[in-house]
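Quick setup: one chain, the form predicted on its own, written in structure tokens, and binding and motion questions come after.
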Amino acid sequence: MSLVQPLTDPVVKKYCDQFAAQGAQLPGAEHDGIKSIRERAQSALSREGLPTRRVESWKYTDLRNLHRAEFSSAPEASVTQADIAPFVIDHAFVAVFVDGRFVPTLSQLDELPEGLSFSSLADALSDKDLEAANGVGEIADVDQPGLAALNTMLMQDGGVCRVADNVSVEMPIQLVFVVTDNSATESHLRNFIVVGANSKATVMQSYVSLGASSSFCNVVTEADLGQGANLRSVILQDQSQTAWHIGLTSVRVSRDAHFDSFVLSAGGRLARNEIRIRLDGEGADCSLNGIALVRDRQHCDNTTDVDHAMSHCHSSQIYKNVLDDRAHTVFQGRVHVAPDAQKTDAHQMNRNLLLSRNAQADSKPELIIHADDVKCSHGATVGDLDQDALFYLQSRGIDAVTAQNMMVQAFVAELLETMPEDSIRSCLEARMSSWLENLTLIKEAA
């Protein structure tokens, strides 16, 4: 008999003990199917552990400070419509979650069109027939390095949106996740989006804080697109600069379907936005765009993984980062082309604009190609502001700070201009303008 005992990660043990103690109170605990999904995730977490920098896809993002942090249960906070009004877009169906819990009284879900249904994940998992929750846990891979296994084991609430076949939802669906002032909560959120064949929808997720908080948000979004479906996904991550945000979006795209993603990340001391796409039918298409605005010692990681599993599929990626002070950004873009995925068209680009010599941008675009009849490209640039352009603007009477902001806006504007929904575009432009205004105040104070 061996006297060597296997080492147990104390953080993994903490979460497994938490599941053992609280599992019976989690949504869906009375259903064998949901219980099995959670137990399978626990097994994967125990086996694979939590990601470290030794894992290639987490090489540039260190979670040790997150694991050392202490979090508490969500307090009973009073939040009003006036509190959330600045974060809600116009002309949208809105679902509001406060410290990880769905709040129907703050939501605007009246008169949903025929063919569109919404429920909170907690309600869907607690329903007797589990019809709304059918498919949850099938798309996100708990065996991949990351926090998907932890999320699946402890998932508490989130939004479940279903669009029937041949339905076009004209108004955006907005999920607003609010963290209250001075909150130190830990939330494991799971969103599930199904868009039926030949249907169309826009879903925006807004992660915001009402004040300073040291919360931890671990969110997984699963999306399943039927044949010919079209889903536009917009994520705004604007939480407190002392908060933690780890997000994964996992999408299955069927034949002739299109997935369009945009991520604007400006908050959090550490934020990671990971997107995993499987182009699962001929003619499937995805477009992934993102902007990171970071300063001080913020860390923002955008990681993508696009699997071209079938032929005649297209993917494009453009991510832009603006960094000031000692901020750090990461872009890792992986494109995998299967052996039979001929006529693949895949392109990715990462551009980084440094406003400080102390800022650091890591970029790692990657192509893995097993087919020969393809068009694939990737690239990355890192640089500072064009001094000739700055001089030109200042020679026309524009002060240095305003000239810098104009150039930053021009740098990211092309990605915002592609947004067809006016209310969403206006929201993102306002957040970018606010970031630049704060940057201006800091520069002037210095």
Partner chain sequence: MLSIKNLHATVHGKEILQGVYLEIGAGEVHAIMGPNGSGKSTLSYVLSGREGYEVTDGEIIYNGKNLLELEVHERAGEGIFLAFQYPVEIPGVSSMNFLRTSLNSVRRYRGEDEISAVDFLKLVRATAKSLEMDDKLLQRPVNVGFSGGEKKRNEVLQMSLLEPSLAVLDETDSGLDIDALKAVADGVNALRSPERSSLVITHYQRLLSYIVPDYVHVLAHGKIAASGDKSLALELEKNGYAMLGLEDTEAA
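Everything numeric here is computed off the predicted structure, so don't read it as measured data. Numbering follows the first chain given and starts at 1.
What comes next is about the form predicted together with the partner chain, which does not appear here.
- Using a 4.5 Å cutoff between non-hydrogen atoms, residue 406 counts as a contact of the partner chain in the predicted complex.
- Among heavy atoms of residue 419, none comes within 4.5 Å of the partner chain in the predicted complex.
- Although the partner is absent here, residue 388 lies within 4.5 Å of the partner chain in the predicted complex, judged by heavy atoms.
- At the 4.5 Å threshold, heavy atoms of residue 402 reach the partner chain in the predicted complex.
- Of the candidate stretches 388 to 396, 38 to 46, 59 to 67, 24 to 32, only 388 to 396 has residues whose heavy atoms lie within 4.5 Å of the partner chain in the predicted complex.
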